[in-house]
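A single chain comes next, written as structure tokens; it is the form predicted alone.
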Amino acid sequence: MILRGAYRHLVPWFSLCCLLLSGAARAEVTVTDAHGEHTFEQIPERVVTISWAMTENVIELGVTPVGVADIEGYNEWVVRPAVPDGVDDIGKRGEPSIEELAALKPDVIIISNGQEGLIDKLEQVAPVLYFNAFGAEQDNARAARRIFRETAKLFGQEERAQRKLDAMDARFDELRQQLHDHFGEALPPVTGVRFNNQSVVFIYGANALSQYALNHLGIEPAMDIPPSQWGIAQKKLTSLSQMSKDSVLLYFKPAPGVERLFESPLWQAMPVARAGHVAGVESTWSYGGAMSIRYLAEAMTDALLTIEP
């Protein structure tokens, strides 16, 4: 093909643009995880996530992983964001199938707390990023935001991440107003729990993502639980009897057997139960990434609005 006139002068510019765009696509990217800096020659395209919190982060950033651990469990406990169709399940979070994982030929594998012992095996398949999302020595909510931004850098999605974080902060204002419209100027103190069985309960405290969400809704805790790695404390069920009738107890679903518990004389004797200040929170992952904080705030607000002021 022969180009004539002005078009002939466009060819060098067109070639230069193609070269620049191609170079941008192959540009190195450096991210920092719990073990230091990692440089990738180009943005990873084939991603496997074994931690549910990291799965959440990746999908929120508009990246569809090629493999995720325990999708059935994720759909029951995490729920949002949904795992896209076509993603392979590579097995348990604590014991993924190395054979299935290798078959996916990932460019990167992303893991989090409780999966450190897998690193040596996983690194035989692909580079591994390990993020310390939960620790007693850190503010877990701040860590969630930092990890979300760092993951965004890996995929060139920094602007998208910032938009989502800004939208979450704006959403807190909307939800807080809804609560004041319902309860009035003074919001009741609230504590969230997960029931373990008929006699043991996990109570969320100062370093829990759910407590961070409540704080940003302008709500004080009904029980004083000191900071811990996961933001929870295991207690006897009877410890909930110290909650006053003016406070609110939120329990997170799924909560199998809760109906039988609520029929027990022990439960019905508790002040917060007698006052009818107990509500269930729809499934939302309490140990997730940054966007889980928004989902926790929304789900807990929905539950609180069912309580009579």
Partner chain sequence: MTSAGTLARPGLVLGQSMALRYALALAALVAALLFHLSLNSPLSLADQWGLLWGRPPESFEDFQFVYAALPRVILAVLVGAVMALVGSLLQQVTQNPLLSPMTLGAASGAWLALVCLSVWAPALTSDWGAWFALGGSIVSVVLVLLIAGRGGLSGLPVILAGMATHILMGAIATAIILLNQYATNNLFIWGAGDLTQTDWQWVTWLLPKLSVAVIVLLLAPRPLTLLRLGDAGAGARGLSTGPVLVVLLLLSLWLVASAITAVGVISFIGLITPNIARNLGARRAGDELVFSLLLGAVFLLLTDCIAVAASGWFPDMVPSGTAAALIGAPALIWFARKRLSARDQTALELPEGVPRVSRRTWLLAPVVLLALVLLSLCFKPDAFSFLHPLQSLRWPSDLVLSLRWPRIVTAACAGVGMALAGLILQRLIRNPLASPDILGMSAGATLALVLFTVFVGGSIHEAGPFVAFAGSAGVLALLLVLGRRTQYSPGIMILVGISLAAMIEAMVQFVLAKATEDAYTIIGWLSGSTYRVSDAKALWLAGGTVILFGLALATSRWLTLISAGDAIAEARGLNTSRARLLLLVLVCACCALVTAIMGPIAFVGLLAPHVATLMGARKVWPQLWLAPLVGMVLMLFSDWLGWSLLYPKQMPAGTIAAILGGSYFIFLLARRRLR
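Residue numbers count along the first chain shown, from 1. Since the structure is predicted, the reported quantities are computational estimates derived from the model, not experimental observations.
Form predicted in complex with its partner chain: not shown, discussed below.
Stretch 259 to 267 is the contacting one of 57 to 65, 259 to 267, 29 to 37, 244 to 252, since its residues have non-hydrogen atoms within 4.5 Å of its partner chain in the predicted bound form. This chain is displayed alone, yet in the predicted bound form one of R93, R171, R80, K164 has a heavy atom within 4.5 Å of its partner chain; that residue is R93. Residue N196 is the only one of Q178, N196, N215, N75 with a heavy atom lying within 4.5 Å of its partner chain in the predicted bound form.
Shown alone here, G86 lies farther than 4.5 Å from its partner chain in the predicted bound form, counting heavy atoms only. Contact check for D139: no non-hydrogen atom falls within 4.5 Å of its partner chain in the predicted bound form. Residue contact check for Y130: none of its heavy atoms lie within 4.5 Å of its partner chain in the predicted bound form. With a 4.5 Å cutoff on heavy atoms, G184 does not count as touching its partner chain in the predicted bound form; it lies far away. Here the marked residues E45, Q157 and Y204 all miss its partner chain in the predicted bound form; none has a heavy atom within 4.5 angstroms. Contacts to its partner chain in the predicted bound form (heavy atom within 4.5 Å) from stretch 203 to 220: none.
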